[in-house]
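Next up: a single chain in structure tokens, the form predicted on its own.
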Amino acid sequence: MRGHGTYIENEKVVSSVAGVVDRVNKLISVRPLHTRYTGEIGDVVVGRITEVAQKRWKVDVSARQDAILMLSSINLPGGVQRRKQESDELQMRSFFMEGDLVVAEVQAFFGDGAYSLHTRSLKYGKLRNGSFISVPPALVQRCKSHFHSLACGVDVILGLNGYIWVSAHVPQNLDEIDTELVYSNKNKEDITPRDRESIARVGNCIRALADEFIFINDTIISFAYEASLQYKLKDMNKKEIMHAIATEATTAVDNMKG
């Protein structure tokens, strides 16, 4: 059976776009590589605040229109559980302001097709201590979790909208999270030069994988990081080195699968 992005020619299903093949039972469809993000409820996304409006924030998530994060859909500082008041609306910019990066979850769709987001869990919220990377949404593989701590001491959030956040390690245990600092704009003061180099190296590895149109998940990022250690950080933007890193990482994944 043919789905979106395909047509029938000589009794064969042929792709009409360059992209990623999706198979659901006998239904075959192709998602274009260069397209806007089309989300589903439950998707983890990384976005940038573009506007503070009445009781809501507008968030760029690489979709056809900005997503909406309602004031009623966030956690209050300290994890306080109560109805949002007029005083909360007056200090909305103390929670999120224009330019802030956030990680959130798609919880619903509005009538005009815009996504409704929420950050009610402590694992969601404002992003700090890291670097932002954008790749085609079709390359980010859907996994059980999109929050990963790599062996090199770097955390990666793989947004299904193609926005990826690479940062210094932050505690994921809810008992270790300081709820008062959830909306702080200050980065950690103890980020070492080694941490910064690891963040930059992981970011360059993700760009190398995207440049070769390879599916991106935590496993292949780890293999790409290992493959990159033989190169100097400043050389990792060279085309031949990016190709070598991506090739070595895909070979390592194939060998692991046997």
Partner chain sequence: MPSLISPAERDYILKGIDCNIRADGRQRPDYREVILETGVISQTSGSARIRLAGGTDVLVSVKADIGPVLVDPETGEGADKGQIICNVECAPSASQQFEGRGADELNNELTQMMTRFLSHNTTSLSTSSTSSTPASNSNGAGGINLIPKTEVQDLGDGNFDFEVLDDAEDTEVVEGREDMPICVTLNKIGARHIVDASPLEELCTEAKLVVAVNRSGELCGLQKGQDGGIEPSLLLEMIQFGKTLGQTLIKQLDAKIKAEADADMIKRQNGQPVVKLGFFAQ
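Fair warning: this is a prediction, and the values are worked out from it, not measured in the lab. Positions refer to the first chain, counted from 1.
Separately, the form predicted in complex with its partner chain exists; it is not shown, and the next lines address it.
**Student:** Pick from 142-150, 115-123, 184-192, 69-77: which stretch has non-hydrogen atoms within 4.5 Å of its partner chain in the predicted complex?
**Tutor:** The contacting stretch here is 184-192.
**Student:** Report whether the minimum heavy atom distance between residue 221 and its partner chain in the predicted complex is within 4.5 Å.
**Tutor:** It does not: once its partner chain is placed as it appears in the predicted complex, residue 221 has no heavy atom within 4.5 Å of it.
**Student:** Contact with its partner chain in the predicted complex for residue 109, defined as at least one heavy atom pair within 4.5 Å: yes or no?
**Tutor:** No, residue 109 stays farther than 4.5 Å from its partner chain in the predicted complex.
**Student:** Hey, in the predicted complex, does residue 199 get a heavy atom within 4.5 angstroms of its partner chain?
**Tutor:** Yes, contact at 4.5 Å.
**Student:** Would you check, heavy atoms only and a 4.5 Å threshold, whether residue 23 touches its partner chain in the predicted complex?
**Tutor:** Although its partner chain is absent here, residue 23 would stay clear of it in the predicted complex, with no heavy atoms inside 4.5 Å.
**Student:** Can all three of 55, 92 and 169 be found with a heavy atom no more than 4.5 Å from its partner chain in the predicted complex?
**Tutor:** Contact check failed for every one of 55, 92 and 169.
**Student:** Considering only 109-135, what residues come within 4.5 Å of its partner chain in the predicted complex, judged by heavy atoms?
**Tutor:** Contacting residues: 127, 128, 129, 130, 131, 132.
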